[in-house]
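Only one chain is included here, represented as structure tokens and corresponding to the form predicted on its own.
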């Protein structure tokens, strides 16, 4: 993760939460009083965001002593302490919620990614994320996906060519959409096109697509698609993928399996800060 960019976003998050000042803390906590606290996960998880949490606390004045007991990627099988910290007590209370929100969400995504990766471990297939991220949090969520062992798809619309159903409809068909994309694509940028059936797959292969996304195909049709493609293009399965069926999709021989659920519907890990 780009630390400078992440810190810039953290400052924006803190400005949103603190606004003109943390009135409660200013009224109830003596100025300059030192404090010590621990951050703990109250459930098992794959940890992600320890350094991000530290960057949050470093945004306010005061020396920070940061004593992590885990690193990103560690798997806690039960509740446990993530880190201890010492700094100005008022700063701890002001920063607490922003740091915990990021740490809890990132750990949830890393945990989910680890589960999907484990489910396809016996196959060559790779799990990748999608653009179904929270606006403003993509950098953090994509990092958490990598911590969990999965891979990132294109980061944004300027990062790759992926022709989807509406592009196909607007262009007048798979062949015409691929032709237009290939004619204008920057050197070295691959053209991927989404198809929904075997006829469209055949059209994509004939048009010279570099990669094909098999959208919402069942396992049987996906198996046929892999045989039809014959290794000529990279194949990606997407849509309707769950932990229960991802292994079956991986066994069809597809190269990538993209899973929006890595980021769009995870339940935040319960993390808390307690003063000591």
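Here the structure is a predicted model, which means the values were calculated and not measured. Residue numbers count along the first chain shown, from 1.
Heads up, the form predicted together with another copy of the chain isn't pictured, but that's what we're talking about next.
Please determine, with the chain shown alone, which of 65-73, 224-232, 29-37, 242-250 has non-hydrogen atoms within 4.5 Å of another copy of the chain in the predicted complex.
Among the listed stretches, the partner-contacting one is 29-37.
Which of 196, 83, 175, 133 has a heavy atom within 4.5 Å of another copy of the chain in the predicted complex?
Checked against the cut-off, the match is 133.
Spell out, yes or no, whether the shortest heavy atom distance between residue 111 and another copy of the chain in the predicted complex is within 4.5 Å.
No, residue 111 stays farther than 4.5 Å from another copy of the chain in the predicted complex.
According to a 4.5 angstroms non-hydrogen atom cut-off, is residue 96 in contact with another copy of the chain in the predicted complex?
Residue-level check for residue 96: yes, a contact with another copy of the chain.
Within 4.5 Å, heavy atoms only: does residue 160 come near another copy of the chain in the predicted complex?
Contact check for residue 160: yes, within 4.5 Å of another copy of the chain in the predicted complex.
I'd like to know whether residue 89 contacts another copy of the chain in the predicted complex, with contact meaning heavy atoms within 4.5 angstroms.
Contact with another copy of the chain, yes.
Going by heavy atoms, what in 237-271 lies within 4.5 angstroms of another copy of the chain in the predicted complex?
Heavy-atom contacts to another copy of the chain in the predicted complex: 256, 264, 265, 266, 267, 268.
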